[in-house]
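As structure tokens, one chain now follows by itself in the form predicted on its own.
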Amino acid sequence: MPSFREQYENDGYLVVKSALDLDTAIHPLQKAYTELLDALTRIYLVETDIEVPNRFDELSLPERFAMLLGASRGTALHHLDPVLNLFVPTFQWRKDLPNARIPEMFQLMVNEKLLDLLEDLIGPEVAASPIYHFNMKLSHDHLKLADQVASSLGADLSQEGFYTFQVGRTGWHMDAISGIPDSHGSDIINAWIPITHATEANGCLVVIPGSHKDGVQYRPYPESLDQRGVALPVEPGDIVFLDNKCLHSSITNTSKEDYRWAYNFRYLKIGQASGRPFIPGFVARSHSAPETELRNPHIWSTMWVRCLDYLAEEGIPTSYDGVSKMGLEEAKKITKHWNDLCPNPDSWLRLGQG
């Protein structure tokens, strides 16, 4: 039987069943993040003078989240997932809101069982990429509720840049294309972690086995991908590992009321280019220099605050469209500039402070 690494290298993806303990890894994040989402919902409802339902706590989580999307006019996603949304020209950074980089998320990122599996795949020197995503795929009825709330405020959620990617169907893509070109040779792994079950009805991942072997491919992709895709239904506790160049998508959530909630975190070998050097990554595991590992979630969240403060003031070095048009030498210059500016957590904490 092939090893995990052999399966991963051959197929470009790997599903590890029951890899994470539900009680220590999944449920704490699920509870804490639900409390965060509920707090944000109430804040936006009050700010926009939308009456908070009398039985708000009795609404389902996707109903409450849909109200958050509508009341925030979609911009709550800027706060929850700035990695993509900072490319939106109307990006809003609101430091007055509860920090979305919560300790329970960080603890999942550095979970020892997760890092053990990553070490098996890419070796003992593992960096946590600054790229991560929160996705909650909603049903048609829940998306309709979000649209109704937004419409009452004169907003059109379809105009929000990455809205569909984050809460609706995700089209075919490979993660590598979102990183500036000097990262195309890096060994980057996406650890896709479901918080709820992911089924073919509520929007599980679909992959093209072996597609990572063809190198970086930009859109448009062949129409035949839908027929070639392999669906990956998974349960909480499972992990899907994806090569950065593996073509994948997610199915539309066709269920009546179900939803699919997942996070994906990226990892790579220490010293390689992450593709997004202007946001903060960190050392997750190092056998050669264990003292460099970051284990304090509050330092990590403050690194993000300093970074987003700085980028909101100074801007980012490229646009999302500019990433695919950028030359290799320009990419290397951007990465070197940011590696020199912020080589470690302390330098991210000092960013923009004087």
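If you're wondering where the values come from, they're calculated on a predicted model, not measured in any experiment. Note that residue numbering begins at 1 and tracks the sequence as displayed.
Not on display, but discussed next: the form predicted in complex with a small molecule.
With the partner omitted from this view, the residue of Phe165, Tyr221, Phe87, Phe282 that lies near the small molecule in the model of the complex is Phe165 [heavy atom within 4.5 Å]. Residue-level contacts in the model of the complex: of Asn111, Ser250, Ser211, Ser183, one residue has a heavy atom within 4.5 Å of the small molecule, and it is Ser250. The small molecule in the model of the complex is not approached by Thr199, whose heavy atoms all lie more than 4.5 angstroms from it.
When the small molecule is considered in the model of the complex, Tyr267 lies well away from it, no heavy atom lying within 4.5 Å. Not displayed here, the small molecule is kept clear of Arg228 by more than 4.5 Å at the level of heavy atoms in the model of the complex. The small molecule in the model of the complex is approached by Asn190, whose closest heavy atom lies within 4.5 angstroms of it.
Contact with the small molecule, judged by heavy atoms within 4.5 Å in the model of the complex, is confined among 257 to 265, 212 to 220, 233 to 241, 151 to 159 to 257 to 265.
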